[in-house]
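You are given C-alpha cells for the same protein chain in two forms, set apart as structure 1 and structure 2.
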Structure 1
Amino acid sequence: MLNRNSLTPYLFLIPACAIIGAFVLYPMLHAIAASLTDYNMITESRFVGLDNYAQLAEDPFFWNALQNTLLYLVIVVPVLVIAPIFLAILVNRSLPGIKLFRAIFYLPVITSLVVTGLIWKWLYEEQGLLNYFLMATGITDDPVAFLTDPANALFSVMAVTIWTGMGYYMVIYLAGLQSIPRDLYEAAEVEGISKFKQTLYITIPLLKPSIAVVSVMSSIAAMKVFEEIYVMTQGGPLDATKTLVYFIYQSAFEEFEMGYASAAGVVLFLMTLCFSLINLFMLRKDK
C-alpha cells in the first residue's frame, strides 16, 4: 500500500518528466504526425500517409545528404574516439604548466561554433593563412581550394568538427584515466613492463566505459552536424557538404515543406537510435 513516504520520490520526478514531455516527447510525436501530412505553414495540412517517405526514397538530394552524413560518421567518429585518448594520456601528467595545456586544448569547446566556423573559413581561403603556410613551405605551388572544390569541401569541414571536439572528449578520457588505480601502474613498473604495454593492457581496457560514452556522443554529434556547414559552405559547393540535418533545414525553412522535412527528421532519428543501441549493446557486451 502506498503511503506518503513512498510517494515522495515520485513527486520529485514530476518537474523533470514535465520538462521532458513538453520539450522532447511532444515535439517528437508532433514531428512524426507532421511527417504523415503535407504541412507547409501556408495551406491547411492534409493526411498523405507515407507519401513523404516514398518521395524521400526517390529524391537524389536526400540520398546525397544521407551519403554525406554516413561519410561524416565513418571518418569523424573513429578519429574522435581514438585521438583524444592519446591527447588525454599526454596531459594526464604532473608537469609544470600542464593545466595551461589542458585549457588550451579545451578552448575550442567553449568557443561558439559560429565563431569557429568563421575563423576556419578565413583560414581556408585561397589567400588565407593556411594556403600561405603551405606555399611558403613548398608543400604546394598553388593555393588549395579547401571550401570551393567539391572534392575537398566535406573533408575540410570534417577537420573543423574534429578540431572542436577533441578537447571535449579529451576531458571525458581524462576523468577516466584519473579513476584508474595508480598501484596497477606501479606493479607494472616493478615487473619491468614498458609504457606502451601499460597503455595497451591497463589503460585501454579500463577506459572502455569512457570509450563507449565517447562513441555514442560523437556518433550523435556527427549525424546532427549543422553549424559548421551553415557558416562555412551552406551545403555547397554542388551539395558536396549537404548533410541530412542541412537537408532538413532547407526543406523546412527555405522551401517550407514541413511535412517532408519531418519525414527526413524521422529517418535521422531512427538512424541515431540504431547507432546508439549498437553502441550500448557493445558496452553491455564488454561488461
Structure 2
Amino acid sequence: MLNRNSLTPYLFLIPACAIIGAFVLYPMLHAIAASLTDYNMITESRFVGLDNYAQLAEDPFFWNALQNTLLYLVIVVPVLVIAPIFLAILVNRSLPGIKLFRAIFYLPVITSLVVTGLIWKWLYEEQGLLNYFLMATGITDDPVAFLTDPANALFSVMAVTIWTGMGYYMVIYLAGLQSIPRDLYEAAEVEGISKFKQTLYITIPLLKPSIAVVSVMSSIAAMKVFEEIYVMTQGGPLDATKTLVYFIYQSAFEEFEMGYASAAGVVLFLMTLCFSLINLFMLRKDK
C-alpha cells in the first residue's frame, strides 16, 4: 500500500487534474495559440502570426478599453487597499453586536454582481434616491447624470465595484489584525502612545502581508470587471465604460473575432501576471 510506485496518488488526482486541465490549463494554451490565428469558429483558422497584436496596437477601441482598465486600476485599487483597513479596525473589537455589523458589511460580497449592478442602476436614476440626497443637501442643484454622462459613467461604475469589495477586503484585514499580538498595544498604552500613532506605527506595518495580498487581489479583480458594466451601461455612453474584458467579450461573442479577442486576452493575462509576480516578489522580500 505504501510502495512508491503505487498508482493510488494518481487515481486521487485524476478528477481534479482532468477538470482543471480541461477548463483552465488547456484553454490557457489554446488562448495563446488562437491569438496567432484568425479564429472565428466559422471558417477554418489560419495562422496569422502577430497580425492580431499589430491590429490591436492600431485599434482606437482597444486603446480606449486599455485606458479605462488602467483608470480603474489607478483609482479603485488604492481605495480598496486603504479604506477596508479602517473598516476592519472598526469591527476588530469585541463589542455587543459586532458580529452583526461584520455580517452586514459582508452582505454585498455574497450578492450576485448582476443584482448589485441593478440596485445601483436604480439608485443612480436621474430622479433616483442618490440624486434626491445630493439635491436635498444642496451638494448639487441639478440631478447628476451618473451613468448617462460619459464624464461620470466610469466613476459611477467604479463606486459600485468599491462598494461591493469593501466587505471582502475588510475580512482579509480582519484576519491580519487578529494575528497581531495584543501585548504590543498594551505596551504602547503603558507608554502613553495615542491610538492614532498605534495605528500608524504598529497596525499598518504589521498588516503589510495582508496589504500585499489585498493589493494583488484587488488589482486582478479591477482588471476583470465585467458584470457591473454589462448591467449598468453596456460599455456606454460613447464607450466611456468599455474595459478590456468588455472589449474581449464583444469582439468574441458579438463580432465573433475570436482570434483578435484572444490577443486582447493575452494582453490582459500579461498584465495580471505582472501584478502576481510583483506580489510574489514583495512577499519574498518581506521574509
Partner chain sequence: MKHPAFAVLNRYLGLLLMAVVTIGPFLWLLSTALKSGDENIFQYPPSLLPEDPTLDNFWRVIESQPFMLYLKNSVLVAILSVTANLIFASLAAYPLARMEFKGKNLIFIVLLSSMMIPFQLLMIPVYSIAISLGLQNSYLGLILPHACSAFGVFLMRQAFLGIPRALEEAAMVEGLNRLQIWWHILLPLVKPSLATLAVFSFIAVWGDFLWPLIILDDPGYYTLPLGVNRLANTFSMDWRLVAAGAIFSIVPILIVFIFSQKYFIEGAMKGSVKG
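Bear in mind the structure is a predicted one, so any value in this text is a computation, not a measurement. Residue numbering: structure 1 sequence, from 1. Between two forms, the rigid core is the largest collection of C-alphas that superpose within 1.5 Å.
Comparing the two isolated copies of the chain, the first one is the form predicted on its own. After superposition on the rigid core, the Cα atom of G192 is displaced by less than 2 Å between the two structures. Once you line up the core between the two structures, the Cα of I19 ends up 2 Å or more from where it was.
A movement of the C-alpha atom of Q178 falling short of 2 angstroms is seen between the two structures when the two forms are aligned on their rigid core.
At T137, the distance the Cα travels between the two structures is 2.4 Å after the core is superposed.
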